[in-house]
Ligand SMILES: O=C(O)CCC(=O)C(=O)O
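So this first bit is one chain, no partners, the form predicted alone, shown in structure tokens.
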Amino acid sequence: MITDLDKYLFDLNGYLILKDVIPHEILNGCNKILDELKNTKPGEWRGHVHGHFFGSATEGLNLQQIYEAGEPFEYLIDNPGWIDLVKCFVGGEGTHDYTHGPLLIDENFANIRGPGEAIGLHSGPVPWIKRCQFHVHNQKFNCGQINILMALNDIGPGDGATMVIPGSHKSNFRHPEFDAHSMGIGETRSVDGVTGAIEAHLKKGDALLFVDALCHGSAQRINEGERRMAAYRYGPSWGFFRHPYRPSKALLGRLSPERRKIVMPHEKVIRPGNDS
């Protein structure tokens, strides 16, 4: 259920922390899969899951297309713990934006980060980007991208938590410390020490929901062990994929109609001869 307080706090801060929204059996299944995939090399394929770095190895290993990895990650596509909130904040219900469905997941990945690793400050409303916009009109949200970052283990002090700058999704000015802490190729950058930034500590099974216009990144992990998370990025169904990945026929074949519409809203292609 979406409350008026949810809407108020999301509008005010640009994020919500959702408590205990991933069932324990799903968490166990996700972590078992990550145990099998954690040694994937960048550029290596494990089935339909791809090893990947955004900028450098210091940001941790990404496992792109993680919803291909098995049923636990498929469950997260429309997890009831957040899907109605995502639909509300992306918006468009009752308009032609819903012609092919309410949403599209334009990127999905798991990330495993160890000691010394972090990701620098990125995103924000300056410069303005269509995909990352935050907009409210007549008390209805119309956001370009809503991210769900899922804690697959506890992420507390020293664990390299995601950091956000509350309210920055509505800023009219670029953060003066942005360049010194922004994502850099071949070097470790973090959000540690950025004025106004806070750590979003999560328990295993919690999720951080935020609009991508929010300035965010992470603290550097100083504890032993691993930070494990998954991120699904949702936008309107008329959007397109961030990377050149596409869902496999096998995945589409086993998904429910509701999940398939979020994964591939334009699955039916109209060509001469099949457009009756």
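This structure is a prediction, so every number in the text was calculated from the model and none was measured. Heads up: residue numbers just count along the shown sequence, starting at 1.
Just so you know, the form predicted in complex with the ligand exists too; it's not on screen, but the next bit is about it.
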item	value
Any non-hydrogen atom of N108 within 4.5 angstroms of the ligand in the predicted complex	no
is_contact(M229, the ligand) in the predicted complex, heavy atom dist at most 4.5 Å	yes
Contact of S168 with the ligand in the predicted complex (heavy atom, 4.5 Å)	no
Close approach of K204 to the ligand in the predicted complex, 4.5 Å, heavy atom	no
Heavy atom within 4.5 Å of the ligand in the predicted complex - residue from H52, H48, R221, R233	R233
Position in contact with the ligand when the complex is considered in the predicted complex, options V194, L149, C132, I83, heavy atoms within 4.5 Å	L149
In the predicted complex, segment of 69-77, 135-143, 170-178, 118-126 with a heavy atom within 4.5 Å of the ligand	118-126
